[in-house]
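One chain is shown next in structure tokens, namely the form predicted on its own.
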């Protein structure tokens, strides 16, 4: 155990001394998060504003209908919809046709008539929905008046400033903005960069000429193997934690209220990534392994949505290939935890990462035991 921990500590000290690589691991994702997050802010915004909704009104009603409409118009005005009375000589329909008003409304004791504009369909539909709600509420009040006139005022007043239109969204109340999305994406990408660290664990010992001395030392191969993997996991996980904390407290990215499962998903991804790099380094036997690992990491980042978001509804060949990216399933898992409080995708991602990590470590361990050195 002492030899194992000493090997892990030695691996961590060596990586900490490589200041350039360490700064790159931290600075690159932070800068990319900042650039993409602010450059693509509008692409993640789902807010739409409706302005200049003007309705021309010809009101000849009297009694309770006139009072109800006056209260309705006052409350609707607080939402940005302006009701203007028609002036002498004005043709309401002509005003709408000339696109000077969104709708033309005629109110009389005989009923309500609304003439909408085909040029402003969204605004016109909003007004139509509000008038339908107003008409339904007034009809209900008229029916109540026949039974208990004292309750009419209470019924009409119950609408309040927001009572004429109430909507419910099937989407989550909170959706990720650009900074939120790229905070997750860059963190997951850094976790996958552990494959490059794993690929260099044994190769650098061979390049520096220390592999033979490690093999001759009175240390079991298993201690060397596990110690180097453990040290690399700790270092890469520290980098991931720095990215998470920096984005959370400096960029104000939203990481939700369930940080423990978030970190567990990231931890399993880091272990899987390092195991992948280590297995490839043994199978490729030499410098080409670094290039292969780099290609795999970049392809996984591109297809997993690290640089631009990929929708969940993509299909065909691209959808099949994207589904193989560890970044994609980790992104989906973290998004589910943070925004939907769902652990199902998190368990799937953790099991996939753990299963692949066991497979890659087993391959690397078998190939290491077959070698004379490490």
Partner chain sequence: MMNVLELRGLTKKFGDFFAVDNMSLQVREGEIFGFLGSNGAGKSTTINMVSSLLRPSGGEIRILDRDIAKHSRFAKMNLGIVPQDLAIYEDMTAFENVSFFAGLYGLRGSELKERVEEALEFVGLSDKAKSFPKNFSGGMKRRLNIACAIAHKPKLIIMDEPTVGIDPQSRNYILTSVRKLNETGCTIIYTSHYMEEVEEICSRIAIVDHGKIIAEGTKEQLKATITDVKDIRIGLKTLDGLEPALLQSIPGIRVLSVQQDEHAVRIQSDAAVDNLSKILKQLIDGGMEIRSVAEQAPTLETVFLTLTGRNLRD
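All values derive from a computational prediction rather than experimental measurement. Residue numbers count along the first chain shown, from 1.
The form predicted together with its partner chain exists for this protein as well; it is not shown, and the discussion that follows is about that form.
Contact with its partner chain in the predicted complex holds for none of 21, 234 and 248, as no heavy atom of theirs lies within 4.5 Å. Of the candidate stretches 83-91, 205-213, 275-283, 128-136, only 205-213 has residues whose heavy atoms lie within 4.5 Å of its partner chain in the predicted complex. At the 4.5 Å threshold, heavy atoms of residue 217 reach its partner chain in the predicted complex. At a distance threshold of 4.5 angstroms between non-hydrogen atoms, residue 258 is out of contact with its partner chain in the predicted complex. Taking the partner from elsewhere, residue 113 is found to have every heavy atom lying beyond 4.5 Å of its partner chain in the predicted complex.
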